[in-house]
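The chain below stands alone and is given in structure tokens; this is the form predicted alone.
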Amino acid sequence: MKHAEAMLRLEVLPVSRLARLTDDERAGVLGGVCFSHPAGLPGIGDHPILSVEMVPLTGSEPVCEIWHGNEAMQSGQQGPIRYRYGDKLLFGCLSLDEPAAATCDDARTPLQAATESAYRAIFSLLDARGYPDILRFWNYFPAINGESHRMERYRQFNIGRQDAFLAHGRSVVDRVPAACALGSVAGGLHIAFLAARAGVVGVENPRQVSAYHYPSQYGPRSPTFARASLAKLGGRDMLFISGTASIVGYQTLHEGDVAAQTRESLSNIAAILAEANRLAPRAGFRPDALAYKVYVRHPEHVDTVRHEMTRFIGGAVPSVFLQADVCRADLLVEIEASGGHAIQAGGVA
């Protein structure tokens, strides 16, 4: 398949390659996320490229995930959001500093306030530009398992996110997008998102309780995301799988066993693929035809995770491995994936 035939293409490449993109290549960039430690990678003009302080565990230099489109595109900025858009797709990103987000008389925690502010800004942009459906959110902030203001920070994030959904009249139990939330090394709240002018269908996993129906033991507000998002773009069924971990029902399994957690995570992804293929029978999504991003809590576990993935999938696939804290302290690995679009490894295995 030629890249020009696909409305959307994901390229995984080292940052040195990003700096060498030609003018023609830059014209087709929708946006992306780069991972390095320390953060602060060079951008490419006014394109929305998010820089996250997270340690890559693949290769010897920082790595970027860059989304390309085949539409004529324009760049813009609204408030803290940098974005780029065509007729069908919009990619945006923003970074907010937590202390600057809340005033001294604000009852919300700084992270809760930053999250609500960020999501309100995103929804306002999408409403103004006419992109009603969100395919995917990527959320990164430090100390995700840490506690402040007598509450775990991931739970603070979930409150702020849900408050913004409700404030903009968006459902928090159905038609919610795919998403992930991971702990970065440092920095503020970083969010990237991909939206579309296309009908998006939420995909749930029959092996798991939907995240938005988690019981209260996991926080005062349930996480607002679907297990995956499914959409038809340019005549192709595309799937965006949320961060997926070793959870069955709503409980963590295989505590302390990274190999077993990896296998359980992949079994959950397989179940999501089966459900997506039921909803889109002609799509034919397969584990060996996806691009993966893998978050590993402890760097020394990366070889084990890679081995289990290769064995489960049946071979090597385009994957980015990153050191990150996962949203539950007892989870050692989280895996996200996408498929149906063009995939280019760009020299990163």
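The first residue of the sequence shown is number 1, and the count goes up from there. The model shown is predicted, which means the values in this text are computed figures rather than measured ones.
Here the subject shifts to the form predicted in complex with 3-(2-carboxyethyl)benzoic acid, a form of this protein not shown in this document.
With the partner omitted here, the stretch from 126 to 134, 173 to 181, 273 to 281, 186 to 194 that lies within 4.5 Å of 3-(2-carboxyethyl)benzoic acid by heavy atoms in the model of the complex is 173 to 181. Listed residues 109, 139, 117, 162 were compared with 3-(2-carboxyethyl)benzoic acid in the model of the complex; 139 is the one with a heavy atom within 4.5 Å. Site annotation in the model of the complex: the residue of 332, 18, 337, 327 reaching within 4.5 Å of 3-(2-carboxyethyl)benzoic acid with a heavy atom is 327. Contact annotation for the candidate site: 240, 321 and 345 all lie away from 3-(2-carboxyethyl)benzoic acid in the model of the complex (no heavy atom within 4.5 Å). Taking the partner from the other structure, 3-(2-carboxyethyl)benzoic acid in the model of the complex has no heavy atom within 4.5 Å of any heavy atom of residue 113. 3-(2-carboxyethyl)benzoic acid is not shown here, but in the model of the complex it comes within 4.5 Å of a heavy atom of residue 227.
Within 4.5 Å of any heavy atom of 3-(2-carboxyethyl)benzoic acid in the model of the complex lies no heavy atom of residue 261.
Proximity of residue 223 to 3-(2-carboxyethyl)benzoic acid in the model of the complex: non-hydrogen atoms within 4.5 Å are present.
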